[in-house]
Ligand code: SAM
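Here's a solo chain for you in structure tokens, the form predicted on its own.
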């Protein structure tokens, strides 16, 4: 598909822009650039954005999705780790914006590692705090990026991320399913997570050798963890899945300090010690962590 009337980037424009910038997509940064205008419009539509909403975009690359988000009326705060791409994005938007439009003034680009960035620069980047995360995420860092940003930014209320299909399955998996694991449980702390459709390989350049999928997240209150912190709940989740085939009474023996204490904490939290980690909801993980802290603090 070629260039659209709204200035979105097609395959020819993507390649020409990359060549002009001396950019060659790298596997190390997980760079697979979207070049299909219909897919861009679908992502923006599926994201359910309100006009004027501030969107946090990670890895804007050459600007395909950025242009689509701006076209939909959003303010965009884009985090890009690649210096050349970060520097070029405002010019790309300006070049493809009709005269008189305010798109360039609704875009803020931050050159940074999304895995390390704190809330302060993101909140200071726009007059309105980001309320949505919409991104085509590099496959190799998708899960840690999602968890980091949702933890850093309580202003995020919803999101739509494009990730490897396997990652989409893991993020949205319910307890008891084959793909339920650490990403599923931790993501559930922040939001209700569901899959929102598949995305074909040919809409990317270069085309990845794996399938892709969209994941929708809608923030909800975290479960009651008593005096346990989120970090303590997440440490419990890590321990439970480190030996996922073992019963919790064994898998959590090291975490609890002994098999006997693991059994006592689990039973006090109302969780059968013979269950396995992949059957627990995030609420049950929170309850176990809460009971562990209560027990260690003497009630």
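Residue numbers count along the first chain shown, from 1. These figures come from a predicted structure and were not determined experimentally.
Keep in mind the form predicted in complex with the named molecule is missing from the figure; the text below concerns it.
Q: Heavy atoms within 4.5 Å of the named molecule in the predicted complex: which of the stretches 258 to 266, 31 to 39, 245 to 253, 232 to 240 has them?
A: Among the listed stretches, the partner-contacting one is 31 to 39.
Q: Does residue 44 make contact with the named molecule in the predicted complex, using a 4.5 Å heavy atom cut-off?
A: So residue 44 does not count as contacting the named molecule.
Q: Would you please decide whether residue 58 lies within 4.5 angstroms of the named molecule in the predicted complex, comparing each non-hydrogen atom pair?
A: Output for residue 58 is yes: heavy atoms within 4.5 Å of the named molecule.
Q: For residue 136, is any heavy atom within 4.5 Å of the named molecule in the predicted complex, or not?
A: Result yes; residue 136 sits at the interface with the named molecule in the predicted complex.
Q: Indicate whether residue 166 is a 4.5 Å heavy atom neighbour of the named molecule in the predicted complex.
A: Result no; residue 166 lies far from the named molecule in the predicted complex.
Q: Of the options 199, 193, 79, 185, which one has a non-hydrogen atom that comes within 4.5 Å of the named molecule in the predicted complex?
A: The residue in contact is 79.
Q: Give me the residue from 172, 114, 93, 160 that has a heavy atom within 4.5 Å of the named molecule in the predicted complex.
A: By the 4.5 Å criterion, the partner-contacting residue is 114.
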